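First, one chain by itself in structure tokens, the form predicted alone.
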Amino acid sequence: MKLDRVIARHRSLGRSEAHRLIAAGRVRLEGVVCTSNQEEVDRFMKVELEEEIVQQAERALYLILNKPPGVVSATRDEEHRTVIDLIDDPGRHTLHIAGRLDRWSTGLLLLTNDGRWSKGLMDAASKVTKTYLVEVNADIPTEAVELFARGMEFLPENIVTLPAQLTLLGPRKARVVLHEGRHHQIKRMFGRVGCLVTALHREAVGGLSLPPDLAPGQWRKLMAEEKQLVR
């Protein structure tokens, strides 16, 4: 929301009056005088009009979790333990998941209460990479590398996947780098080459790798530089 709308809504003022107050230097955004009425304001910013608090900043949360197997990537589930159940933070009820993992998949999972940040990660247009270690039940044919790189058509969605990088690590083990996250995409792609995925572990999102000291089920807040690495 624009700063002028925040001020106008608070005091039931017209937009022109809000513009006048802002231009006069009577409004502070995050403690700093702001004279641009078109400044974007989100709910995590503190807004003050002279000595009055117009909007108190909400607490932003950006978490990384090493998801263990058997836990559901959901905020609530009547039958199974969810990733939210693993979070010991008073603000956990405000969290949502930025890129889910299947119940039996493991590894790097991001949670936040900042919808704009998570949308930027999950939007296909942003092409944020996701890196996975994959194990399958049969030898992976060598032609799979080219097939993954070419993209595959999925029906009934009538879509073609973006080029994916497949690196063979052994007869039945590989690393896959995706630039999108279609429903069950990796499992479906391996199914095309006659392989059933038996283990799927997310190693990285963007430039952020799963910290080696973060054990399965553990979580922590992202550091500022880690937030940038993700993007």
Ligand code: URA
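All figures in this text were calculated on a predicted structure; none of them were measured in a lab. Heads up: residue numbers just count along the shown sequence, starting at 1.
The protein also exists as the form predicted in complex with this ligand; that form is not presented, and the subsequent description refers to it.
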property	result
Stretch in contact, per heavy atom within 4.5 angstroms of this ligand in the model of the complex, of 166 to 174, 29 to 37, 43 to 51, 180 to 188	180 to 188
4.5 Å heavy atom contact, residue 101 and this ligand in the model of the complex	yes
Proximity of residue 200 to this ligand in the model of the complex, heavy atoms at 4.5 Å	yes
Non-hydrogen atom contact residue 105 with this ligand in the model of the complex at 4.5 angstroms	yes
Contact of residue 148 with this ligand in the model of the complex (heavy atom, 4.5 Å)	no
